[in-house]
Every structure is written in C-alpha cells, then in structure tokens.
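First comes one chain, alone, set out as structure tokens in the form predicted on its own.
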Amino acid sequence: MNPKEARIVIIGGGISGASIAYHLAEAGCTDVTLIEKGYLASGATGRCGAGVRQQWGTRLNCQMAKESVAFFERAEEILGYDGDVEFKQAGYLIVGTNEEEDARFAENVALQQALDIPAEHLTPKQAKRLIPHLNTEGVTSATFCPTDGHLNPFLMTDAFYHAASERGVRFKTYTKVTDVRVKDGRVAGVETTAGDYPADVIINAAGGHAQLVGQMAGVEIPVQSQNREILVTEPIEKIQDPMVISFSRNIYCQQTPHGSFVMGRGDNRPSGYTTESSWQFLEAMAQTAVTLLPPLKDLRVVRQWGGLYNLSPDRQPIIGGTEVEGFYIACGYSGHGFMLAPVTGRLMKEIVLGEKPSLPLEELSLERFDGEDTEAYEQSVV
C-alpha cells in the first residue's frame, strides 16, 4: 500500500495532534482522521504557559526549538491563516542564582551560538537593563535570547486545524477512544463512543493520557502524568517584555500581549490525572514572584488552573514507532510539547511515510528505554 493512501487515525486534539494532521495532509495523505475526547486544545495545550524558547542544553532540543520558532514566525503565511496567532518574540531571560548554574549557562550559550541561536550570557546588571523591576539580589548571571517568545495556544491550534481541514483531514471532537484494536501484531482500528474507525496507522498524541492509550494497544510507554498549576493576573499597562525564568527559584513569568501576567512553577506532585488547583500553589507562587519581580505584589489574581505534564524518564520526548506495527507515539514532552509542535508534526510525517529523518530520531525512540528501571522512576515522581 502507498503510505499516503493509508487509513490514519490520530488520537489527541492538542497542538501536537493538529500539527501531525496538517503535516500528513500537506504531504498528500488522503485518509486522515483526528479524534479528540473534548474540544480542540482542551487538554494540556489549552492549559500551558505557551512559551517558546531555544535556550537548551542539548543539540537536538536546540535544533527542534529553533526550527519550531522559524515555523511560528511564518505560521499565518505557511498555514494560510486569516487570523493572528499572537506570536510575541520579546525573548526569554533565564536567571541563575549559583555557580553551578553559571557554569551550565556558559556551556549552553556556547552550544546555542554554535547553532546560530542568538543567545547571550549576561551579568545581573545587564539583566536588569532588560527588566528594570527585576530584583537581582542573589542573582549571579542570566542568559537571554531575543527571538524566544510566546503565542496564543488556542489560535495556533486553530490555525493548524483550519489548514488540515482544508486538506481533507476529518476532526471528530467530543469523541472518546475506548479501545485500540490490534490483530496479528499490527493495528486494525480504534473503538470510540461514536463508533469504530478502521486504521492502518494509529498515532498516539494523547498528551497526559498517552500512557492509557498505549495500554489499549498493548504498548507500555514509560511516562507519567503530573498536575502543574498556572495562574493569571489582572491586565495592566506594559511593564515587562521578556519571559523570566529561574530554574533554581522555580518560576516562569511573562506578561501577555493583553497585559495579564501568566506564571507557573514545577512542584513535585503525585502521578495521576487530576488538574485541580490548590492554595499551596498560590501561596508559593506569590512568594516567589513578588521576591523576584516586586511590582507584581500589587496585582490581583484572576484565576488559576492545572494541566498535565507528560513526563518521560529523561524528560525528552518520545517520538517514533513501537513493537505494534502501525502504532506510533508522540508523547513524554515533559512540559515542552507546545513549543516543539511544528517539528513534531514534520518528524511524525517523515516516520509514517518512510522518509529519511531530518533529525536524529534514535535519540527520541521508545527503544532508548529498553532495560531502564522504570519502576524506580515511577516511585521517584510520586
């Protein structure tokens, strides 16, 4: 069978699933159906901080992020979208607070510059020039990349949806997958609350629920999901351009084009599928935010929410095939799926169509965890 004529089912209607659908249809695949249990971007995509950064410590992550940024910069043109995905490139300022971070920053910036990513290693004084209200007490250095940024997750997903729909992709929303049918070691179709869909190819892009979908196909994926919370404040006049991140202080904070501040942190939570919000998060977030960015103390919180991080053992995505023929996965992004979605779509298209991979996919394969003690991992994240 010509791969482009295969019956393809994508499970998951977040930005990754929508990007995969678009890239497959753009490549000429004629029978593509995306199934989503809620509305598009109702899962992790619509609950994320929607930041996009190229400042990474590994070559592959830098390459994937750089190529995704290049796509986002021209998203409306590439996808033929009439709206505005609200991509704001005001940079990421990553703040360090100890010598270990300083040394890592120097290594990371050297790698990023070698890949033509315009990152810089800054002194605290230089960082304060970018954000005058930044409290630099205890700050030892920072890094900054001016082409990093933020965009609207709903509008970006909508842009992929419209482009994919125009190319023949069928979107089945409010439709829950209840089982994946496997026959003689290869996929045969999916069962849903709206009937059965035969399939030659099934792509698991179910985000926080990817492990459950894998189990339906008899594939164990070593990922766990955790609830990560975010809050948004009332809008005010523009006072901050770059996104501010501190790994050691456990915060990311940005001011959106509409004036609100969106901020989050990574707390160690039990594995599971709850997306509830908590007063503990609000208290910890407020203390950290007003210490690092003092003017935020006067802002009122409008709301807070939770969303699922799908965590792999090495915190890198899992993209590729499985032991079940025709069953592919794109999951385990560990909070970075949104920013890597354009490249995810392209890579999955290459895999499904048997094309030469444009990036070293062996680094992202499920097989890299063969022999890993995933039980110890599961215990460690609880």
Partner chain sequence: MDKRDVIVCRCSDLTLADLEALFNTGYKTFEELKRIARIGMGPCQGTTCGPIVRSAIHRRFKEPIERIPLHRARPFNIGIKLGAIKEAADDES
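Numbering follows the first chain given and starts at 1. Predicted, not measured: the structure shown is a model, and the values here were computed from it.
Absent from the display: the form predicted together with its partner chain. The rest refers to it.
At a distance threshold of 4.5 angstroms between non-hydrogen atoms, E101 is out of contact with its partner chain in the predicted complex.
Its partner chain in the predicted complex is not approached by R129, whose heavy atoms all lie more than 4.5 angstroms from it. In the predicted complex, R249 stays away from its partner chain, with no heavy atom inside 4.5 Å. Interface residue remark: M263 is counted as part of the site for its partner chain in the predicted complex, having a heavy atom within 4.5 Å. The stretch among 281-289, 89-97, 195-203, 114-122 whose residues place heavy atoms within 4.5 Å of its partner chain in the predicted complex is 281-289. Though its partner chain is absent from this view, in the predicted complex it lies within 4.5 Å of a heavy atom of just one residue from E137, D184, D298, E77, which is D298. The contact with its partner chain in the predicted complex, taken as any heavy atom within 4.5 Å, belongs to T233 out of T233, S312, N108, Q211. Using a 4.5 Å cut-off on any heavy atom, the residues of 155-170 that reach its partner chain in the predicted complex are, in sequence order, L155, D158, Y161, H162.
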